[in-house]
Structure formats: C-alpha cells, structure tokens
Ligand code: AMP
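A lone chain, given as structure tokens: the form predicted alone.
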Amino acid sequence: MIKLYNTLTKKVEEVERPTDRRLNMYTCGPTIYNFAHIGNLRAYIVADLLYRTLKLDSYNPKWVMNLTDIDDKTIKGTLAEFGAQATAKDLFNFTEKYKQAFLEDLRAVNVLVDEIEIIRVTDKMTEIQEFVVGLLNKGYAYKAEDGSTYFNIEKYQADFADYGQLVGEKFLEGKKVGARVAVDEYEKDNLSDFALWKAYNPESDGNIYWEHELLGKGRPGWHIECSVINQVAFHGQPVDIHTGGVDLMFPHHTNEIAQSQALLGKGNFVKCWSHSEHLMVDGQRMGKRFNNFYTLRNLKEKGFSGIDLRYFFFSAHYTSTQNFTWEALEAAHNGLKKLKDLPLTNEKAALDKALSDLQMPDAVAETFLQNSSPASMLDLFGIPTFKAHILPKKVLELVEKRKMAKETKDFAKSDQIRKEIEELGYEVKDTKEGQVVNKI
C-alpha cells in the first residue's frame, strides 16, 4: 500500500486502491508558450515517479495531463510572432512547437510520455463552454458588464465555506473578497472573482476567439480548463491523485476545487492533492518571472544529460525545496555513475522506502548501504542504462557467498569464488564501497 502526503489534509495517508476501476491520476501540464525550465521538470519527474510506483504496486493508474495552449501568455506570444491579426490557427502553430519541445524534454528525463493521455485545452472548447453554462445555471457564475463571465466566490463561500482550504485553514483570515480580476494569474492577497470565460478584446486578442450563443465571443480563463479536462478524461469519476507544483496551489488549484465542487457537489473532485516544492537556484526561487532559470538545453551545453537531472532530484524529498547548483549536478552525475556499477539483486528494502511517500533519498541511500541495486527499482528510478547491469542469478549467489567469506576472513575461499565468477564471464573488484561486478 502506497502512502502519500495529502496537501489538503496536511497528512501522510494511504492511497486508497479503487476496486471497480483504474486509479485516476491527473497532472497539471505546462502552458506551452516557452521552453520548460528545470524547476518545471521537477514536478513532472515526481509525477512520473509516483506513476511508476503506482504501477509497481498494482494500482493500475490512468495518467492524464493537460496542455494549456490558450491563456494570456500564449496569446501574447502568438501576436508577437504572427502579428496583431493572428488567428486561432496561428495560436495552434505557435504552441505546437513548444508542445513538441516539452515532449522532447520529458523523454530526455525518461518520463513515460507514451503512457500519458495528453489533452490540449483548445480541443475541449465545447465542454468548457458547457461547464461554464452549468455554473451560470446553478448561480455560481455571472456575466458582468465587461462581457466576461466570472465565478462568484462570495456565493460559493456561503454554500461551501471552504475556499482556500488547500492553502490552509486560516487562508481567509483578514482578507475580503474584492470585485473582479480578469488576468489568469494573480497573488493570494487578491480574492477577487476570477474569469471563467473572458470576453474578446480586439486590442489584446488579435483574431483569437471562440463563439458561444450565451457566453459570447471570447475564450476560457485558465482555471476552468483543468476542472473540465478532469471531468471529461475520467468520465465524471473522482480524481484519486492530483499532482502539480506548489506554485499552483493558489489561485489555480484553489479555483479548480471551487469550480468543480460548485458544479458537482462537495467531495466529488479530488481525494489526494500532491504538490512538489520549488526548485531554487543559488538560494533563490527559480522561475521565468525572475529571469534566473535553466532549461535542459543549458544543461546539455555543459555536458549533462536529462538522466543526470532526474537523479539529482532524487537527492531531496519532493515536499522540500531543493537548491540547484552546477556543483550539485556534478555530484549527481558522479553518484549516478557509481550507482550504475552496483550489481543488481532482488532486495526490496529500497522499494519499501519509495512506497512510503516517495522517500527517494532514503531509497538511493539504501541501495548503497546494501551495496547493490534492487532489480525492482529499475523502472522506478527510470534510469534506462541500469538494464545493462542485470547479473545472472548464479553470479549474484556467488557474489553473496564471497561477501560472507571475506567477512569471516576465509580469503582462500574468497579467491576461489572470484575464479568461479570469472569463469562465468564476470569480474569482481573490491572497492571501499564493497564488491563491484562487471561483465568481462
């Protein structure tokens, strides 16, 4: 049974195993207007690690991820590239190149891309419009004088009394609900009603819009997108695990909860929220807005691989902030080489660490403590080069016998076993970390 920290309850809980369906897992995907930085990739590597762990423990997960290809930033980028009269087709072409770059990055860090159901937001425009109309009909949304349709936080709070619960119980203390906010992203001091459907603005939107007889000409707000894709992809079933970066807790995930509960009812959305903490760079938060970020392309220019980055993230727990430095990445690169040289066994101790809230630092430490890498961790680590180091069962047995002979100082027997190992086509070396076995 897997245990996972639930951001909503602030507790490590056992992940309930569905008995009548697959486990539904959702990851908030990127806004495809630029290259992903390595801080973004941390959240997707953690999600991939969770997915692999769920598979390994027979949860039969279904993994869904959205791609935000319509929002303030994608429109701004499209107009900058195609001009002030850019169309929805231009928007697709602009975002498609960043979609492909993102998928390339995921493959470079060995995320199981082909097992994810990836959904572009613009492919679900009809469903988004229907969702917004549903909120209007239930009184949780209203059309304002600017032509946009907004979510009514005051109405929601009167009925549900849990807005901001994901951030914390005292989130609303000292705050007042304001009028309205039209931008997709805003700070947590702003509790204004947010846009579900943004009215078309020819000055900022070019010719990018969709039409609806009730909502009018416009496009969706950012927060409504994931609520709709969750409902569509999982056919109205609850989301068992919803993952994403901690920066999405407010306003994005907070508003997801509000929209979904308002339409579907309390408790019918997400069972467990899992958030990855920020990646820092030289002690400061990494992000495009701070202009201090690195992409995989920057790492490759310095001779590092996506797998080096993946292994670097294993050195800290996903709920802890992690500081990126080139020295730390170099250390990960060297540690990975040592890990590859360890013989594989069927030892399960490290796996137990991973099942307990993805304790990867402990799992990695356990492999070195055992002086071997558990075969069951191959797919979990997601380091493909491990597969070249699988040792035959007979060799593993001899390595273990030689270890015992050395511990009892029976050096004659130890030398004899070394020869037997060599006759099987392998050589054994004694290092300060223990025995290292390689194919001759």
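The first residue of the sequence shown is number 1, and the count goes up from there. No experiment lies behind these values; they were computed from the predicted model shown.
Another form, the form predicted together with adenosine monophosphate (AMP), is not on view; read the next lines as being about it.
Residues within 4.5 angstroms of adenosine monophosphate (AMP) in the model of the complex, judged by any non-hydrogen atom, belong to 285 to 293 and to none of the other stretches in 137 to 145, 285 to 293, 159 to 167, 87 to 95. This chain lacks the partner; the member of 26, 44, 381, 51 within 4.5 angstroms of adenosine monophosphate (AMP) in the model of the complex by a non-hydrogen atom is 44. Scanning 206, 221, 251, 244 against adenosine monophosphate (AMP) in the model of the complex with a 4.5 Å heavy atom cut-off leaves one residue, 244. Among heavy atoms of residue 279, some come within 4.5 Å of adenosine monophosphate (AMP) in the model of the complex. A residue is said to contact a partner when one of its heavy atoms sits within 4.5 Å of a partner heavy atom; residue 39 meets this definition for adenosine monophosphate (AMP) in the model of the complex.
Contact between residue 61 and adenosine monophosphate (AMP) in the model of the complex is not found at the 4.5 Å heavy atom cutoff.
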